[in-house]
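One chain follows as C-alpha cells, the form predicted on its own.
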Amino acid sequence: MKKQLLNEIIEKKRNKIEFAIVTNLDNGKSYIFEKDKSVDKNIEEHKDKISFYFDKKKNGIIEGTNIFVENYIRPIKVFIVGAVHIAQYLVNFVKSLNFEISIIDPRGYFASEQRFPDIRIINKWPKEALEENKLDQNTALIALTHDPKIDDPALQYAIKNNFFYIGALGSKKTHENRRKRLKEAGFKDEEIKRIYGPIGIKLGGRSAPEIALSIIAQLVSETYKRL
C-alpha cells in the first residue's frame, strides 16, 4: 500500500469518516471508496457492487471478481443517561463492540472517573449535554435513572432527532406514566412507541448484569436491523 493512501486512511479514521478500502487482488492495488463520491477509474465498473457491500457493512470478495472490499464503519454513538449500577455492566459489555460510549449524569457523585474509568463522562443535564454533540441517526440513547427530570428531556431530544434506538429502564407502570408525560408534552403515540420500555430483550434475568446484557442484546439487534 502506498504511503499517500495509508496517510489518507489514517486521517479518515482519525476524523471518524466512513469509507471502504477496495483492493484488486490480481495486482494488489488499493483504492478508497466513499459514499456519493467519485471513484477511481480502475474500479468504476464495480461501483454499484462496491456500494452495495458498503451499504450492507459487508466485507469480502465481490462475487465473480477479484475485488475485495473492507469497510471502516464509524462507531455508533451510545449515550447512557444515568451513572447507575447497571451502567457499569453496560460499559463492560460494550468494550469490544463498535460503540462509542458517553455517560450523562449531572450528579457528579455517581458519574465519576473512579466508577467509570476510561469512559467519557458528561456531568451536565441531558438536554445541554446532547445539544453540545454532533448527533444523527447513528446515535442510540439508553435512559436509566427513573427520574423524569433527567430521563424525560433526554428521551424528548432523542425522539426529535430521530435516534435509531431509544430505550428507558423501568416497569410497565413506570413506562405508562412516562408515556402520559410525553403525550402531555405534545408527542404523538407513534413517536412514543419508538421508545423501548421496559428496555431490553426478555431474557428472564433480574440482576444488574443480566439486565445490562438484555439491553446490549436489544441494541445490537436494532443496529443490524438498519442494514
Partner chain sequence: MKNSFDEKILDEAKDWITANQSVVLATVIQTWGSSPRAVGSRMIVNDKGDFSGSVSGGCVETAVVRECLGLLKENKACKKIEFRVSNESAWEIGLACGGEIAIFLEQIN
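Positions refer to the first chain, counted from 1. Model, not experiment: these values are computed from the prediction.
Another form exists, predicted in complex with the partner chain; not displayed. Remarks below refer to it.
Proximity to the partner chain in the predicted bound form, defined as a heavy atom within 4.5 Å, singles out one entry of R194, K183, K49, K57, which is K57. Proximity to the partner chain in the predicted bound form, defined as a heavy atom within 4.5 Å, singles out one entry of R120, K95, K134, K149, which is K95. Residue heavy atoms within 4.5 Å of the partner chain in the predicted bound form occur in exactly one stretch of 125-133, 139-147, 82-90, 98-106, and that stretch is 98-106. Interface membership of Q218, defined by any non-hydrogen atom within 4.5 Å of the partner chain in the predicted bound form, is ruled out. The partner chain is not shown here, and in the predicted bound form it never comes within 4.5 Å of any heavy atom of Q156. Using a 4.5 angstroms limit between non-hydrogen atoms, N27 touches the partner chain in the predicted bound form. The shortest heavy atom separation between K225 and the partner chain in the predicted bound form exceeds 4.5 Å. Residues are counted as partner-facing when one of their heavy atoms sits within 4.5 Å of the partner chain in the predicted bound form; in 59-84 these are N59, G60, I61, F68, E70, N71, Y72, I73, in sequence order.
If you compare C-alpha positions, R14 and N92 are 3 angstroms or more closer together in the predicted bound form than in the form on display.
Look at Q218 and Y53: in the predicted bound form their Cα atoms move 3 Å or more farther apart than in this form.
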